[in-house]
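Only one chain is included here, represented as structure tokens and corresponding to the form predicted alone.
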Amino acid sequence: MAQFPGRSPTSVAMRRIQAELNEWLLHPPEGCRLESFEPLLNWVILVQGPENSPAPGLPRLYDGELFRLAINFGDHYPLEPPEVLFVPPSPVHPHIYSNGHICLDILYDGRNGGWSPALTVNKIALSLRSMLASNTNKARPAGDMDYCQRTRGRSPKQTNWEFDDDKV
């Protein structure tokens, strides 16, 4: 097994991550490409902006854009969610901060989080593309600059998120 300085991933975590990598390599989600998975606990995924719009006649807000998504697996994955964030520049979206933090319940556990060990990186990537595809307002969240200053250098998993908008 590979060595990870300062880390002690469980054997369950390592088997699960390897299985997800194998599945991804065989069946990558539409519009996503694995750019890097070295070391195994840190992936970078290229996410194409969806070509479709949320409804006929509405603009395709992210068509032709390409984003990088960082996935950092914890030692107890999948019992705890991975850290997931866009590598800046992040998509301009009401639930994505300019520092790459994403307000989406399935990325977090604990109070009102929606993480489940049944979720996979493949499903996370599909959910994020769907979130982009359904957006009708290319704007940052309210308080973006203040949030980014307060959370500089911190994981998005340390934020106490409030999930109250399921429209975007």
Partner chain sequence: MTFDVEIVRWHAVASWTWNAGDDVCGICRMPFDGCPPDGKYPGDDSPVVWGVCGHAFHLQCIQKWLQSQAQTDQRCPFCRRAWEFKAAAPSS
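Just so we're clear, the structure is a prediction, and the values are computed from it rather than from any experiment. Numbering follows the first chain given and starts at 1.
One more form of this protein should be noted, the form predicted together with its partner chain, which is absent from this view; the next part is about it.
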Consider the chain as shown here, without its partner, and state which of P141, P39, G49, P117 has a heavy atom within 4.5 Å of its partner chain in the model of the complex. P117
Could you check which residue among C32, A133, I106, I102 gets a heavy atom within 4.5 Å of its partner chain in the model of the complex? I106
Just one of 57 to 65, 39 to 47, 119 to 127, 24 to 32 has residues with a heavy atom within 4.5 Å of its partner chain in the model of the complex, so point it out. 119 to 127
Taking S11, A19 and P78 as a possible spot, do all three reach its partner chain in the model of the complex with a heavy atom inside 4.5 Å? yes
Can you work out whether R154 and its partner chain are in contact in the model of the complex, taking contact to mean some heavy atom pair no more than 4.5 Å apart? no
Answer with yes or no whether R150 is in contact with its partner chain in the model of the complex, where contact means some heavy atom within 4.5 Å. no
